[in-house]
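A single chain, nothing else alongside it, follows as structure tokens in the form predicted alone.
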Amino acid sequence: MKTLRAFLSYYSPKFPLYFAYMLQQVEYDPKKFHEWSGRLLRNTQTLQSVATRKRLVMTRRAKLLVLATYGFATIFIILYAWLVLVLDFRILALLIGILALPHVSRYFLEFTAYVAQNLIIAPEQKRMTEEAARIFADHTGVKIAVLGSYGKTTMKELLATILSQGKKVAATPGNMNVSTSHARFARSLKGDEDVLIVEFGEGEPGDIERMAQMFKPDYAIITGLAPNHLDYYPDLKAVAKDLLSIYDFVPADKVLVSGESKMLKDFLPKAAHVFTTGGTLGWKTSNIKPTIAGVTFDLNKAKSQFKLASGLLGRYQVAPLALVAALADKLGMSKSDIEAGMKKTAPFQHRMQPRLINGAWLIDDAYNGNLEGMQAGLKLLAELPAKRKWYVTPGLVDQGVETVRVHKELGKAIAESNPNIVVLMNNSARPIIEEAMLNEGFKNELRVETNPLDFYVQIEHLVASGDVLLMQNDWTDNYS
């Protein structure tokens, strides 16, 4: 029955909309579209199942793709109908044509995306990046690159928030971290900014080098290493090599690296300048106090002392906060501006973002897509007082050859945190996490959800006053 439903779903009149949605979700990458559509067929999933979390955004490009697919389908039907009229075995030929229509249309879309990528998009991107390189080269502001497998957007926003207290700062918006978004950012600059902050997103080998050549940063901050994007990098070592290629463009004493990323330590040069919960750049932290409202700590160097308070959650946030304060001091900001800027820092959307629901705290960490961040969140959950503690996750995507190891580590961390209730989404990662939890002695309540969206909608009806619920990571439609 499941196979039949999946088969028939391709004959919905809306099939061009679903194909366009798939292309939009993978940023019009024909290779990723091909992989996703092939996975649908292998798993006998309906075409409608691709769009459960989001819907097609009717951009100009999306409209053109939808119209082109409907147009192609119409022409295909007309030509095939004419061909059937001149052939023997007309019924058989007609049946073959009906069966082939959506799949031929899928290959048409794939081919269109490939042609557009190589003949239109790539040349335009080249012109944009060349223009951006000239703009950045002429700019007199201090240029800071933020890169790493995780924590980039948080670090960028911390820098922007605190440095803006005493300087004119421009930063790339949201999680726009590819070369084309950097080029659009360059076009938006006024030229009188004191500091430029650009987030580098690695997706395949050579990305960091290309971005650094365009931006030419004065400082670089590496937030950590995790097995992300292993569908395009052969292994973790290749990801590390890409990140550390930033040393070819920035003086070693101006590359600041997370000393708390366990996976990154093995690849760092011996003289790397690290930042940790203990401090950085000669500054030391003390008196750290994490609560559901944020974290406070002192930062000391010789006779200088900052008393800092942030709305970010968790002891692990002290390392990036201390780095930004120390860097602000290095760039000439006053103590009062640094302390005032620190007070303005708050959780970013879907990144350890607390929300009060019916007397219960929900901590939304849905954008957390790495093991170390999830482990840190679980440590915070163990530290916070609550009547009941909930932990909700689907696991992690893009882990490649590290998938089993990473999910075993996650299961171990969940067991060590020992929430009262753990909710796992029923997917390929769930059995690995569950087995690791049980092997580590987890004996509290475990729930398995087959419909994540239904669960998320019902959360406010499940929690009670005094509960704390930590929700980490999400699987987008193309990983379902």
Partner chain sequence: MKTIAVIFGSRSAEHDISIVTALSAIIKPLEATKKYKIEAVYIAKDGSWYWDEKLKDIKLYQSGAIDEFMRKAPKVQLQFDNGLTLVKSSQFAGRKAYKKIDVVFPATHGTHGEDGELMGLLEMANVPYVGCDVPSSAVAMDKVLSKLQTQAYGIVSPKMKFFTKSEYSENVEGWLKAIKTDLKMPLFVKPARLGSSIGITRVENEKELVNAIEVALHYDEKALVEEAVANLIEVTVPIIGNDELIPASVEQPLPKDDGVFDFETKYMNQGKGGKKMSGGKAGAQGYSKIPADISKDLYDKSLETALGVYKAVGCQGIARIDLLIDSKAKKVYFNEINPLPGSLYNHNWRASGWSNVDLVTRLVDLAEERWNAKQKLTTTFSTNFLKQF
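None of the values given here were measured: they were computed from a predicted structure. Positions refer to the first chain, counted from 1.
This protein has a second form, the form predicted together with its partner chain, left out of what is shown; the following refers to that one.
Gly359 is the sole member of Pro251, Gly359, Gly206, Pro269 with a non-hydrogen atom lying within 4.5 angstroms of its partner chain in the model of the complex. Contact check at 4.5 Å (heavy atoms) against its partner chain in the model of the complex: all three of Glu449, Glu460 and Val463 pass.
Proximity of Glu27 to its partner chain in the model of the complex: non-hydrogen atoms within 4.5 Å are absent; the residue sits far from the partner. Residue contact with its partner chain in the model of the complex: Arg388 places a heavy atom within 4.5 Å of it. Of the candidate stretches 450 to 458, 34 to 42, 55 to 63, 431 to 439, only 450 to 458 has residues with heavy atoms within 4.5 Å of its partner chain in the model of the complex.
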